[in-house]
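Coming up is one lone chain in structure tokens, specifically the form predicted alone.
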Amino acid sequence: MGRTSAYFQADWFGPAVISVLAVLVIGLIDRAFISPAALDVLILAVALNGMIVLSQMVVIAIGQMNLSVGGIGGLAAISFAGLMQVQGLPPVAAAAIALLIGVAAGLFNGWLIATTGISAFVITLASLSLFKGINLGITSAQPFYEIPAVVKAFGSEALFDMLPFLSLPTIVIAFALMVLLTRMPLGRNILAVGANPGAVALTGVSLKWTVIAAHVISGFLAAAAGVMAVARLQIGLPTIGDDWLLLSFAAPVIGGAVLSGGHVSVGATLWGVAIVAIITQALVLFKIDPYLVQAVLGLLILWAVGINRWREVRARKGEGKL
């Protein structure tokens, strides 16, 4: 009974139930939604968007935000594609450099935030413009078309014709983040800084380096999402990352993340990604204007924030603080 109650109270339980019910209901309305081809598209969307969202979730954990997630991902994507087309680098070397660019961008953000005391909102808003400007300067707003066949295969084929290759990095990263946040000192420090930075400082933990570490991880994951986007789209578009921002906040909040920091859930966040992907695919299936996705995401964020606030009020009442 206790274990069952724990499942009901878990952050991932609600989004998981909503996702499964949504697939079943929409599938009953139109069987095409649960066809193998449609489910494959859904898994690919969750895989790519999951990496994007996890890059934001890490920063939310310390009570900050990274508005430059899309800028970093776009710069990494265009660097990955450009290094292969213009410089002739093999995909592995080009991907490694793209990931290092993401790490450098995250280090840049984190160092400025930690050393200047300026709001992460302001710093990452400025760096978003900086990274996007570099992107457009490199490409002159023109795509890179010559993507190697092995990269295209990674973005479109599946392991044993069942599990898309593109989902493998997200699975590995999600597991690694779970271990980091629950088992490792750095992960516990990240959550502790989000929950109570003053108390953490008294324990001797470096707030500066914890903030920097969170942004470095975020930059790395955003760059990984950029590389994955090139493989999925099979082209290096300078617009990659332009529409990532709202999604990157929506899924963690749907998954119960506290925007003030201290509480995130990898599993619940990925289920939040699934909800967004299901809604997007359903709108396409029913031939509804896909631009409505932005409006739906906004409503989902408001709903999720409202639920989180209600939980906080209930918890405080239970503790006798209200």
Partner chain sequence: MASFFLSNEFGLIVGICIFIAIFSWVDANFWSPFNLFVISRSAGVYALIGLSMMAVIATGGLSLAIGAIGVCAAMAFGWAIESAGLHWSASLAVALAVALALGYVNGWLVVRTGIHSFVITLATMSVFFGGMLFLSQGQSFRALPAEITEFGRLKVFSISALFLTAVAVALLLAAFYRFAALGREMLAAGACPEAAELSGVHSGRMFILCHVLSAGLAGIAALLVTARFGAAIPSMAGQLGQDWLMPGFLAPVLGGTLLSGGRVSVPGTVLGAILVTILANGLLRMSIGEFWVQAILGCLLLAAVLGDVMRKRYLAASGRA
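Residue numbers count along the first chain shown, from 1. Owing to the predicted nature of the structure, the values given are computational and were not obtained by experimental measurement.
Although not depicted, the form predicted together with the partner chain is the subject of the following passage.
K.L.:
Thinking of the partner chain in the predicted complex, which stretch from 86-94, 166-174, 131-139, 99-107 has heavy atoms inside 4.5 Å of it?
P.N.:
The contacting stretch is 131-139.
K.L.:
Residue-level contact is defined here as any heavy atom of the residue lying within 4.5 Å of the partner chain in the predicted complex; does residue 253 satisfy this criterion?
P.N.:
Heavy-atom contact with the partner chain at 4.5 Å: present for residue 253.
K.L.:
I'd like to check something about residue 295: if you look in the predicted complex, is any of its heavy atoms closer than or equal to 4.5 Å to a heavy atom of the partner chain?
P.N.:
Looking in the predicted complex, residue contacts with the partner chain include residue 295, since a heavy atom lies within 4.5 Å.
K.L.:
Taking any heavy atom pair closer than or equal to 4.5 Å as contact, tell me whether residue 150 reaches the partner chain in the predicted complex.
P.N.:
Taking the distances in the predicted complex, the answer for residue 150 is no, it never comes within 4.5 Å of the partner chain.
K.L.:
Check whether residue 123 has any heavy atom within 4.5 Å of a heavy atom of the partner chain in the predicted complex, and answer yes or no.
P.N.:
Within the cut-off, so yes.
K.L.:
Would 207, 212 and 265 all count as contacting the partner chain in the predicted complex, using a 4.5 Å heavy atom cut-off?
P.N.:
Checking in the predicted complex: none of 207, 212 and 265 is within 4.5 Å of the partner chain.
K.L.:
Given a CA distance change of at least 3 Å, are residue 277 and residue 301 closer or farther in the predicted complex?
P.N.:
Those two alpha carbons end up closer in the predicted complex.
K.L.:
Report the direction of the Cα distance change between residue 23 and residue 301 in the predicted complex, compared with the displayed form, as closer or farther; the change is 3 Å or more.
P.N.:
Their C-alpha distance shrinks by at least 3 Å in the predicted complex.
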